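Coming up is one lone chain in structure tokens, specifically the form predicted on its own.
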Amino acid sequence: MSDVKAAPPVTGAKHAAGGTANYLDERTSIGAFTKFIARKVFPDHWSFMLGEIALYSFVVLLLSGVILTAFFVPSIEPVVYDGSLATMQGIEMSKAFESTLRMSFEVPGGLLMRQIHHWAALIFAASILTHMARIFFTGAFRKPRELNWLVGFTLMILSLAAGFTGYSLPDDVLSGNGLRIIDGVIRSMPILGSYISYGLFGGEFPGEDLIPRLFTAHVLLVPALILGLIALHLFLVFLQKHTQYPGGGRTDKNVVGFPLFPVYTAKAGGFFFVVFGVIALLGATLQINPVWNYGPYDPSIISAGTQPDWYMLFIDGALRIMPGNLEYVIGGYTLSLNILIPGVVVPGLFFGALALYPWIEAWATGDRGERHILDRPRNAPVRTALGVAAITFYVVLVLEGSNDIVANLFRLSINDLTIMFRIAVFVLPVLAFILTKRIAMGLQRKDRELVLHGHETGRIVRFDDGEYIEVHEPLNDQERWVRVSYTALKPREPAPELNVHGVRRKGYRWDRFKAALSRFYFEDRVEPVTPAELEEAQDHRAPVAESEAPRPEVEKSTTS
């Protein structure tokens, strides 16, 4: 009798699934593409999940937004409230505000959906900013990923636009005052400002067209742009090799990690529910944006102690920190520099420099090669210091945007606080830059010392000649690789001032400027340990290793 067992019969479901897959593959060749995607390798590091948090919070935004859209009325038409909230009975308000109250207190689960939507918006913006910070500090924006950096930057701007347009829809006092500030910023633009404001609001502020226009932008235009850019971002990630942190066996020509399927597919599915659960918990337990406490928008009412959401607070802080006496009348037109500079010029320069930074750094440093291995922030001290200085600048403006709350909380003079912040906005970023650069350089020197001498063990050895020395434990290959696998670029020198004919070369001053920028980045640097230096250090440690063999004449002791 044969030992060969018959194959189990193919069930109808398996046959149907296999037949469908084969049908599609024969007509679309999707099998090869699916196989390529499933085998795509991604490195494994917790910081790469910041982008996933942004993606999953956006999914939560879409799901909760669909529910809210069914009940919100985007109209500024006045009505008299007669709903279930007693404190608002008989008050005239817009249909937008009335539908927000009805959604919050009369629709089952409406308030939970509102709060989930609002928390998801805050986390979406925060995760994008944090993700961008991780990319900046590790140098993941370098060639060939400059375009993906620009895509991510645009997503960040759209996240702010999505948050602001949604925040303004309820037509309450807080959001109305925010729109009034934006109207003032727009009107501060010379010549075009008043025309832009009139067209945007459909007349004089507040107009009757803004809420419907904001609603269209919030539920259709901005989400469509975000979805398109997310798709482009993911396509570029798949098209290019994924960046990875330095380590043993990791080079610019490979990727060390796990395949998309089944490892990352399972992890991504589980992580989505974690993000969704955290947002739902925040929405269920922590109240946010209680518009019924503010009331419907009235241009004559200003609410003290309130600020916009954190991602717009820096603009409010910039407006507050600016002296208010910088208005000039030129040719019958009022030029309000006290609004134009903090509301338009400062954000424009800040975000413009951020968007173009990959090209700025490549131009200033001359580093135009492909980079797939990420930098440790300490190994790029100037870039890291610039990033910390920018964050410090942002934090000072945020604190100034809350100066009334800070003054009330600590019983300080709000005028003294403003003067202090006016000084701090210039001084603290410079101090942050200097301190961060020094810390990064110190960490680099510590890494160099560790590679050459190893970890301290606390064991003291005495040689035969009476000399005492501490025994150091050498680093393993992985630890050593992380600390030596970077390139310390050198400042580039300008070409000679005079050409072969003794005539001053055209463009010499420009070359000197670029050389000065290069020195700014690379003049202070710590060279990585070379193989020759490592071999010399190992030869120096050899007698110590031999001395550890048990011999009667060698005394060992342990430090306390």
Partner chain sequence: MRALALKRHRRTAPFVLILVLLVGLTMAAYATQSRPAEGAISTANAIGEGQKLFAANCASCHGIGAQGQTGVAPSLVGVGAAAVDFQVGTGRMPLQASGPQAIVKDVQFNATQIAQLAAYVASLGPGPAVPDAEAVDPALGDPARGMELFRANCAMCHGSVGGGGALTQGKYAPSLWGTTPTHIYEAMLVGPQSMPVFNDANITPEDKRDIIAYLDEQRGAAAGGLKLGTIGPVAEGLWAWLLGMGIIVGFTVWIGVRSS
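Residue numbers count along the first chain shown, from 1. Treat the numbers as computed from the prediction; the structure is a model and nothing was measured.
Below, we refer to the form predicted in complex with its partner chain, which is not included among the displayed structures.
J.: Taking 4.5 angstroms as the cut-off for heavy atoms, does residue 524 touch its partner chain in the predicted bound form?
T.: Heavy-atom contact with its partner chain at 4.5 Å: absent for residue 524.
J.: Though only this chain appears here, would residue 53 touch its partner chain in the predicted bound form if you measure heavy atom gaps against 4.5 Å?
T.: Although its partner chain is absent here, residue 53 would touch it in the predicted bound form, with heavy atoms inside 4.5 Å.
J.: Answer for residue 487 alone: is it within 4.5 Å of its partner chain in the predicted bound form, judged on heavy atom distances?
T.: No.
J.: Can you tell me if residue 127 lies within 4.5 angstroms of its partner chain in the predicted bound form, counting non-hydrogen atoms only?
T.: Answer yes; at least one heavy atom of residue 127 falls within 4.5 Å of its partner chain in the predicted bound form.
J.: In the predicted bound form, do 105, 115 and 275 all put a heavy atom within 4.5 Å of its partner chain?
T.: Yes, the whole trio is in contact, each within 4.5 Å by some heavy atom.
J.: Between the options 352, 442, 290, 228, which residue brings a heavy atom to within 4.5 Å of its partner chain in the predicted bound form?
T.: Result of the distance check: 290.
J.: Only one of 224, 345, 427, 301 comes within 4.5 Å of its partner chain in the predicted bound form by heavy atoms, so just point that one out.
T.: It is 301 that has a heavy atom within 4.5 Å of the partner.
J.: Only one of 67 to 75, 171 to 179, 356 to 364, 381 to 389 gets a heavy atom within 4.5 Å of its partner chain in the predicted bound form; which is it?
T.: Stretch with heavy atoms near the partner: 171 to 179.
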